[in-house]
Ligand SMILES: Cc1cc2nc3c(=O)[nH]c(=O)nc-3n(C[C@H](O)[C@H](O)[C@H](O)COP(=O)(O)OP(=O)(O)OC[C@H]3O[C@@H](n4cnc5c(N)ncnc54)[C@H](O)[C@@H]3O)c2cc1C
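A single chain, nothing else alongside it, follows as structure tokens in the form predicted on its own.
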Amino acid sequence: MKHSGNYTKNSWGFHPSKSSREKQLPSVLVLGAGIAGVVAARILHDTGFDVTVLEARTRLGGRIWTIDDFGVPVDMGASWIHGTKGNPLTRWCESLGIHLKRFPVKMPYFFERGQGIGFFRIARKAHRGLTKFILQYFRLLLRCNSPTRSLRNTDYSISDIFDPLIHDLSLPALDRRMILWLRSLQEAINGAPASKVAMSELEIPNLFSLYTVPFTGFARLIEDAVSGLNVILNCEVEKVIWKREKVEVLTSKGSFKADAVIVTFPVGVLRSRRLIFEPPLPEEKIRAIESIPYGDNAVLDKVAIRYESPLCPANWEQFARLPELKNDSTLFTLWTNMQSLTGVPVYVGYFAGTDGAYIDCNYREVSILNEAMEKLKNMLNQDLPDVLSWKVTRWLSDPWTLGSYSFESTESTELDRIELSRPVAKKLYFAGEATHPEHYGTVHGALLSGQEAAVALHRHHCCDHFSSPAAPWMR
């Protein structure tokens, strides 16, 4: 089929509408309808490529999952825009008229048997432990040769900072519990076990960062990107045969052929061998897939609950509990009050780390809900209102994610991500948050990786002249 480009005023393509060039552009299959996949697909489609997107789920978005079960949009997967300045998501939302709200603005309240205390008050009470924590951090930092900003491949994990202090009996119990809470927060932020996360990933400033959320949820961006695309849902990819003239993709809905394929599956799926490549991928690609840390028996999951009436004032945007030092888990130590965003009493609790991984893989969803509500009831020391609706994520058990997102370990380097992103034989292209050397684990990292895959494929199969795509964040 001849293509001169699908040019409109809303075109995301590389070539302007005044282009008179007509060229038969190759066909492309995009595996996965997450943000990386739909961005790459839309750019190439609007340039004139024949693009089909294959998605195993019955919904779009991948690890973006906006639900309307509560009568209002709530993001059960990716939730925040991490830094608004220069972030492509900010400009994209502005182009669609999506209002962004800084959230949360306030620090968490800590509750124990109904008694609440503000973050700074409890931090003052635990000042001895927190001072030791700061000293321990800089002590380990001085032992590292790399600058703070680019620490890679150090011998120290974040557990090397926290664990000696949690077990330091010279510290008051409150201080040790506070440090244990901070450790659990790091496991949640990284979706990974503290013993594996590199010290460079420590994000205590995350407590004070003013991140933003889109009022409509991230689903609106996915809907915008897929406009005009051919997307086949409930289509499980089983095998990619790539050394023939055409790449053949075998799926639960039959065989598809194309000149090139963009693979956007999470690292956990690539590592599981659920998707078979024939012949196998080059050794350096396999090594990169094995080296990028992902999951490692930990996770970041959520339970969202809509109650009949509010549990607390809307301006209590976060509330937390300090885990006990013995016979307690680090489950549901932080909750987000969504009332100021949604206008209805929706509360999101987080279960993460290795404790979260255990119930993700072993509990039924209703059991996870009951565990969450029991923790909440004990925190607030009050009977809870009736539950109107609820939803639980289980990213580690999900066969199409097998984890939350990639992180940086004590053994990995950005070279692994660069290697994963490299095309193979101008037929296989790779995208997804794990392929971005700097912004891994974020929505904008996934978006940029999809754009970069489209750039590489366009250069190989269309023309050498470089032009940026006319995507909303580039205008």
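Throughout, we count residues from 1 along the sequence that is shown. Worth saying up front: this structure is predicted, and the values here are computed from it rather than measured.
What follows is about the form predicted together with the ligand, which we do not show.
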query: Close approach of S421 to the ligand in the predicted complex, 4.5 Å, heavy atom; finding: no
query: Proximity of L300 to the ligand in the predicted complex, heavy atoms at 4.5 Å; finding: yes
query: Interface membership of V269, the ligand in the predicted complex, 4.5 Å heavy atom rule; finding: yes
query: In the predicted complex, I64 touching the ligand (heavy atom, 4.5 Å); finding: yes
query: Location of the ligand contact in the predicted complex, chosen stretch of 317-325, 278-286, 300-308, 102-110 [non-hydrogen atom, 4.5 Å]; finding: 300-308
query: Contact residue in the predicted complex, from D224, E371, E236, E248 (heavy atom within 4.5 Å of the ligand); finding: E236
query: Partner-contacting position among D416, D46, E55, E408 - heavy atom within 4.5 Å of the ligand in the predicted complex; finding: E55
query: Sequence-ordered residues of 33-55 touching the ligand in the predicted complex, heavy atom within 4.5 Å; finding: A33, G34, I35, A36, G37, L54, E55
